[in-house]
Structures are given as C-alpha cells and as structure tokens.
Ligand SMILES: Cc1ncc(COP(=O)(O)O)c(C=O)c1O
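As a starting point, one isolated chain is supplied in structure tokens, in the form predicted on its own.
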C-alpha cells in the first residue's frame, strides 16, 4: 500500500510514538498533576505542553489547553469569546470546523459572518481581510494552511490587520502544525487551534488550543478536574478552567512523542524532504494536458497535491488508484465547501494526494505513473 492521505491522518507514525503509546498501557495513567499546574520532571502532561510551546514559540506552556482535536478547540475559541452582536470574518478556505460553528451562531441571530474570497489556488492577500473587516468585526478566523490545496497564508500580516481593527485573530493550524513554522509570539496570535493526528504524528482524539494571556474565554464544558474538588464552580486559571473531565493521557503521550520527533529531526529537514517530493509531482504531472492541478507552486506547505483528471469525477480516480494500484488518496469536498467555486470544481471536488516525511521518492514516482495511466482510460462522452 502507498498511503497518500496524510492531510487526513498521518501514517505511519514514528516508532517513538508507537512505543510511547504502547508503554502507557503497562501501568496506571493516574497522575496527581494532571492539570499541568505542577512541573515535575515525570509530568508528561506538562512536558507535552512545554514541547508544543517550543514548536509554536509560546512563552507560557500553561496557556495551552488540551482538547479532543481542532474541532473542539475551535468551538471553544468561537463560543467562548463574547461575540454576540458582532461580525466575524472568515475565509473561503476554511474547514467545516470553522464554518459550521460560525454559521450556527449566525443562524441563531447572534453574529453576522463575512467571507473573504480566495484565488484559484486558495491564496488570499492579507489586504483582502482589511477590506472585509467592518466597524463591528470582533474576530477574524483564518485557516493557516488549506487542507485542500495546501496553500499557506501570511498569518503575521493578517493578525496585524485584525488587531488594528480591534479584532481577535483565531488561527486554525490543523494542517500547518508540524508542517510549516508557526510563531505565536512574533505573529501575535490570540488563539491557535491544532490537532495531533496529522503532521504532529500523534494519535486521533488529541489536540489543543493556545490562548494568549489576558483573553477572557468562557469554558466549553465544566466538571471534574481531579483536584480542588471542594470548589463547587469550575476552578479558575489556565489550563484547568478549560480541561474538565478525564484527559486523554495516551493521546497526550502520543502528541509529546510526535512533537519530540519533529524537534529532534528538525522541522527544516522535514519540510525539505516534502519539498523534493512536491517538485517530483509537478515535474511528472504538471505539463500533462489531461490533468488539472489546483495546488500552488508558491505559498505552499509542500504537503498537498490537489488535482483532477479531465473527464473523470474525483471518486472514479480515487477508486482506480486504490483498486488497481493500491494507492490511497482522498477525494471529494474535503470538508471545505466554500473553496469549490474558486477552484472551479463544483460539485464533485478534487483528488488530494498528501505525502509525509515517511513517503519515499519511489512511492511518489509510482503514484505519478499510476495517474498517467489513468489519464489514458477512455472517458465517457
């Protein structure tokens, strides 16, 4: 099997991640410092926050709240802010993890939503956000990296524009975390949502939200914390105020091991390997008249190769790749419906091949040869 669906869930995981997760089942997972308020050397929960802070350039690891993934993190950010009666600006490259929460609030009459258009590859100039912001705009929510085309936006400039207008900047880093550099401090990000099971090499069901100090955020849920049980209301302070319930300790362990792998390997090395594979894809398929490519040559994470074969719907291409060549890709809308008209791919979507640090050049060449063969299949009239 050649696995090219890493934008959904990365596979394989580093051996360090596999070993770390298996080790969690050889002993009890109860830890007195589960809130992260203590900082003992054996506190894996705090250590994970600390390594994430290193990767994202966050000053205080305790400003990182663990969630089940980006969806919960984004719901916490969007529903936790006092946005009622205001305007929220999002982009056309957003995932449904952003679209559905804000559109639900809009349907309930609590906010209005403005959508910034993108170009044919999904890129958006920062100035376009300035043009979309209104006097009543309270938040700008933006996808750092498109899960469709892999295009990467200039978050630092967008954050400047949002702050100049008195708005929060909330960043969806689901695709960019572990794939491209992120600098929360320098970019002045207010909130950053991330998930562990993609380029951070963790398991499914773990993610988090970084919240800048000073932001008043309402918890998404309240309940047990394992400590301070005598308090009848949710304990105050980060991160315990937002982490009700039993934490996903195996998931945190996997995330810690995944981030450690990235830091030890070097993000630059990971990016360079994926860049070489990306170049092969364009060199082999870029001039083929039967292939439409939607991923960009610049402003890219080098992680997603988004395309269609002319005369075939994406599901047909994906089916042939899997059944005839044992190559796994993703087809369809990719949970990002707003981008479709800008790519010109309504209603079927696209084929998305997403490689990882563990994908080999040989696998990429096998994929490109398979796609070339598919283009020779007689098309229906």
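Only a predicted model underlies this, so the values are computations on that prediction, with no experimental measurement involved. Numbering follows the first chain given and starts at 1.
Just so you know, the form predicted together with the named molecule exists too; it's not on screen, but the next bit is about it.
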property: Contact test in the predicted bound form: residue 274 vs the named molecule, heavy atoms, 4.5 Å; result: no
property: 4.5 Å heavy atom contact, residue 254 and the named molecule in the predicted bound form; result: no
property: In the predicted bound form, residue 197 touching the named molecule (heavy atom, 4.5 Å); result: yes
property: Non-hydrogen atom contact residue 138 with the named molecule in the predicted bound form at 4.5 angstroms; result: no
property: Segment that reaches the named molecule in the predicted bound form - one of 238-246, 214-222, 168-176, 118-126, heavy atoms within 4.5 Å; result: 168-176
property: Proximity to the named molecule in the predicted bound form, single hit among 308, 300, 97, 87 (heavy atom within 4.5 Å); result: 97
